[in-house]
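The form predicted on its own is given below as one chain in structure tokens.
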Amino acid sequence: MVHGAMRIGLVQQANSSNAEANWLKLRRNIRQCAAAGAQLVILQELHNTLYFCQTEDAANFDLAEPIPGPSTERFSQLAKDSGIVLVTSLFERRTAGIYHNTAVVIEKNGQIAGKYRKMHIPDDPNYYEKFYFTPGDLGFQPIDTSVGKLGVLVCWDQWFPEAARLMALKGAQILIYPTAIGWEVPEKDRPRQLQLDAWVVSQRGHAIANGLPVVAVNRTGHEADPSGQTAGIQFWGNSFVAGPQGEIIYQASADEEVQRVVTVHLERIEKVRRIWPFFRDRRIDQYHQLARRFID
């Protein structure tokens, strides 16, 4: 298990319909984080393209690719050249008719350290992910890397305390959430703030309950609805890092592109869990009903 400081690069960016332009921007931003001393760089959810799940369009399955594949080859070389561990988020084509929303972790030697397939799949206006993604089947398994044991989850997973807990129980040293979340346009100011506050607070709660740092990296910018049925999504940015007591170490703005390196201290996990011994006091003999959908 790795101890000491972990320098984490966050890349919050706005995407366009030009995949090659998105790649060039990602490459530049990753290199900037590496040059600023990042050991680990985290990208937002489905960073190669626009967030295509605003509509149900079978043609979008053409965006999916195998893993390993063209994107992992590109990012693996970039991670190796930059000497960083890299957390990517890709649209995985597993076979014809089976596609996943998959985070791939690349080691600093360019090898794939592991992957996580998104487990919780939303289906809401502007977020029609169940049309595209088969729920993950790799479980909640942390990924061992040279910088530590990474509990990588994806976006909608961030609302579920069970996912964070299982990662923590399996030894994750940090919880990581590549994300694509925003406001439907238009929305009133009050509901907007409530949604954003809930998003931040829920993940800070995971940090506190598990005594772990949490990193959420979100998109920013406006993306139009291709169908024209809605005014699209204004992604709310606010990528942030919280410490193991839920304290905000860094938080980005809503509408700016960001390449930021933040330091977290993994030795604080031990210190915090000694004063807040939640794991010690869990009543594991009484939690069996959590596996039920609802308790009638």
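What you are looking at is a predicted structure, and each value in this text was computed from that prediction instead of being measured. Just count from 1 along the sequence shown to find any residue number.
Although not depicted, the form predicted in complex with a further copy of the same chain is the subject of the following passage.
Only one of V104, V147, I121, L78 comes within 4.5 Å of a further copy of the same chain in the predicted bound form through a heavy atom, and that residue is I121. Of the residues P186, G97, P135, G83, just one reaches a further copy of the same chain in the predicted bound form with a heavy atom at 4.5 Å or closer; this is P135. a further copy of the same chain is not shown here, but in the predicted bound form it comes within 4.5 Å of a heavy atom of P161. In the predicted bound form, a further copy of the same chain stays beyond 4.5 Å of every heavy atom belonging to I112.
In the predicted bound form, G205 approaches a further copy of the same chain with a heavy atom inside 4.5 Å.
The closest heavy atom approach of H3 to a further copy of the same chain in the predicted bound form falls outside 4.5 Å. For a further copy of the same chain in the predicted bound form, the listed stretch (190-198, 88-96, 69-77, 213-221) containing residues with heavy atoms inside 4.5 Å is 190-198. Contacts between stretch 128-148 and a further copy of the same chain, counted in the predicted bound form as any heavy atom lying within 4.5 Å, involve K130, P135, G136, G139, F140, listed in sequence order.
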